[in-house]
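One chain comes next, on its own, written as structure tokens: the form predicted alone.
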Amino acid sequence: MDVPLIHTVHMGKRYQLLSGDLHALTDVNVNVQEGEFIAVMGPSGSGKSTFMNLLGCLDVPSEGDYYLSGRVVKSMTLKERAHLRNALIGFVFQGYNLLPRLNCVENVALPLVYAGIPTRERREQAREKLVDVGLERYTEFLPPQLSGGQQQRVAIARALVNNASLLLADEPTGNLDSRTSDEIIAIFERLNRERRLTIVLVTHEPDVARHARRLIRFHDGCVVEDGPVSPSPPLRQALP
């Protein structure tokens, strides 16, 4: 069997507070194969954000281990974790996190600037990713000139510009109306289906979670459900 892209072994995370230790995650054992599309749900404070921070190599476990593409994350230095994160992972957030004074191409190309890619090459790669999300006509627009859904598409293109293997999306439809949410989820489904992009998506919305193929549910820092999702209804036709 192939090595899982994500493999956690009794993974836990605790924070030391003045009032004592806070156990944010306890004994999490999860395998994720390349090409899966997973929704993560649970009430506020259940451990979802901590779980995503660990998967994204933004933090390391206090107990147990996390293997990303077969590599033990906890034993890495900060620099090694940053390199692995930049090579394998793309992030999409609820708030888009675009720089308002940079146009779409420049925003998408930012990760390539940090990677030292020459200007012409990074602009070409950024344009290709904008085509992938249906924004080829908006390359020179600034974020304030775009709708919320278009800004989220720019954020998705930026997350993919390094050809990431893993997309971590934290409430990516939280600021969008239902129709625009459908359009964003349709992009995720297409990327997962056509490119075998592995997607782990945190959401509070059951209608969004239904479009994933697997659901992991957290409660009080523990995984209380991990299984297939019922087939989703057809999405409305996405518009550019």
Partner chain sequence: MIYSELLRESWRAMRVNRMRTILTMLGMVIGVGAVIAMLAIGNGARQSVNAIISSMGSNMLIVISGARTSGGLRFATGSTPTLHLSDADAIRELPGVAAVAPGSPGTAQIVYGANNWSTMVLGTNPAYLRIRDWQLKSGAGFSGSDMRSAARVAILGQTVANNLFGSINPVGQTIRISNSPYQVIGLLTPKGQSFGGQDQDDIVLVPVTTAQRKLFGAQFADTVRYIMVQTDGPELLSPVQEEMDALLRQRHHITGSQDPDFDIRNLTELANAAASTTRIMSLLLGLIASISLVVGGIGIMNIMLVSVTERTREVGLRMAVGAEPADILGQFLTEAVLVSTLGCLAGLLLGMLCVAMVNQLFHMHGVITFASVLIAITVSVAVGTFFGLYPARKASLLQPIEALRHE
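Numbering follows the first chain given and starts at 1. Only a predicted model underlies this, so the values are computations on that prediction, with no experimental measurement involved.
In what follows, reference is made to the form predicted together with its partner chain, a form of this protein that is not presented.
The stretch among 133-141, 104-112, 146-154, 67-75 whose residues place heavy atoms within 4.5 Å of its partner chain in the model of the complex is 104-112. In the model of the complex, its partner chain lies within 4.5 Å of some heavy atom of residue 53. Although the partner is absent here, residue 117 lies within 4.5 Å of its partner chain in the model of the complex, judged by heavy atoms.
For the chain shown alone, residue 122 is a contact residue for its partner chain in the model of the complex, at least one non-hydrogen atom being within 4.5 angstroms. Using a 4.5 angstroms threshold between heavy atoms, residue 85 counts as touching its partner chain in the model of the complex. Only one of the listed residues (177, 59, 34, 63) places a non-hydrogen atom within 4.5 angstroms of its partner chain in the model of the complex, and that residue is 59. Annotated contacts: 79, 97 and 158 all touch its partner chain in the model of the complex [non-hydrogen atom within 4.5 angstroms].
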